[in-house]
Ligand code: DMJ
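First, one chain by itself: the form predicted on its own, in structure tokens.
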Amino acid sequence: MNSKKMSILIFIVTSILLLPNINILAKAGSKENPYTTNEKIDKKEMAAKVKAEFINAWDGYKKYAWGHDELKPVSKTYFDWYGTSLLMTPVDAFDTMVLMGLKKEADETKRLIFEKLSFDKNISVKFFEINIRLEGGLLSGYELTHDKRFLKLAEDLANRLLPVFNTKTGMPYRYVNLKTGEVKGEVSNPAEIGSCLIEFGTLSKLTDNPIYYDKAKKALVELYNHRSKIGLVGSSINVETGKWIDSESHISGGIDSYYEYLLKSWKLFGDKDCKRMWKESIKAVNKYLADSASTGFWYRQVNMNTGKRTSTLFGSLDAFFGAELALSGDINRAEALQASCYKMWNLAGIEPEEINYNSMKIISPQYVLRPENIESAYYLYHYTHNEKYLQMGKTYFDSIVKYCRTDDGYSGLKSVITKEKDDEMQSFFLAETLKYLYLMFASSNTLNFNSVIFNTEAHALIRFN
């Protein structure tokens, strides 16, 4: 064979061998990886855009819902959770205003809270929601401003919530009357039982009163002690008897923040029991729930006693887990999960509530302005400094603006397929969604990430550890 023919043969063989790599490179820039782009994100510009949208949403609240719990941005009216206002949106949004440097808005919100907020009301409230939104918001308000009026309100609220712990197990009831202390709701779930130590523990540290820490930790430990032999918890339990009602285990709504508070209570307080419980729990979660499917890396549903798979659903609430994995130091799993969550977001141009990850079909099509996918991207950007997470953040922001913005605020969607709005702007949109977007792009001087722990409503509380 002459040298010319040999050269041609070598070229052909080399080209064939390189084809798989060429295909891989082509896919890297395709729609399968839409954040892989040469676009350079202007962080300062993006932070300013997020802040502007916060102001738009807040101005809508002021115009149509001032002094009430939430804005209904399509009908341009308001909604109060319990028929009387607890200032849900102002309290939830206050620390976001402080972090964004919105002094005028923060000052007027403080005046409203101190003049109008009262918990001396004959209403039965859900312990979990009131704790994470109002107790957490008041504590964060105090720690960011040192205004003792926030702490006084937080202490008053906590004292009214304490009767929920008067059960045989120490695990709390779901509801309590703020005036009478009457409790109800003995069938609860791990998230509602186990998501109060961050707030109640912080209050104990700030007031030198151990009762709040002790009650909340007892509930968390008792729940952990009721885990199955393989280390998992179920979906619902009777807090009086300690008997499991639903044995399905997962990381989604109803269980999610139980795991979050095990980890974060360790980080916030240096609590060694929480450290041990987290480490044992995450072993079981990764052994039985983690699923490396053909569509990506996910967490499934299983029977808490056997570990046998029950379904392959994954949703917007599950997307919080990437942040927890990153905070715990498991960056590899966090990044793999976040890639899957980003894929879920882009199925319909904005995140659905729930999908079947085996088929990648949308099961629940609504989007209620949830923050969890954004939260995990923010954590991963902090830990990796990889700009692909900034690109993710921009995609999330652009989607929300495109599909959820109204003239006077933001509305969730009844369906991510039809993009029909649902006329609801929950307080966590200002407390969490826009906060995490802003912090992702803001100057590092805005917040010292390593000195705070965010509760599950994104209220920043200063570490005691």
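Keep in mind that this is a model prediction, so the values were computed, not measured. All residue numbers are counted from 1 along the displayed sequence.
Below, we refer to the form predicted in complex with the ligand, which is not included among the displayed structures.
Considering the ligand in the model of the complex, the lone stretch of 164-172, 335-343, 132-140, 118-126 in range is 132-140 [heavy atom distance within 4.5 Å]. In the model of the complex, residue 432 approaches the ligand with a heavy atom inside 4.5 Å.
Using a 4.5 angstroms threshold between heavy atoms, residue 371 counts as touching the ligand in the model of the complex. For the chain shown alone, residue 428 is a contact residue for the ligand in the model of the complex, at least one non-hydrogen atom being within 4.5 angstroms. Residue contact check for residue 317: one or more of its heavy atoms lie within 4.5 Å of the ligand in the model of the complex. Residues are counted as partner-facing when one of their heavy atoms sits within 4.5 Å of the ligand in the model of the complex; in 73-105 not one qualifies.
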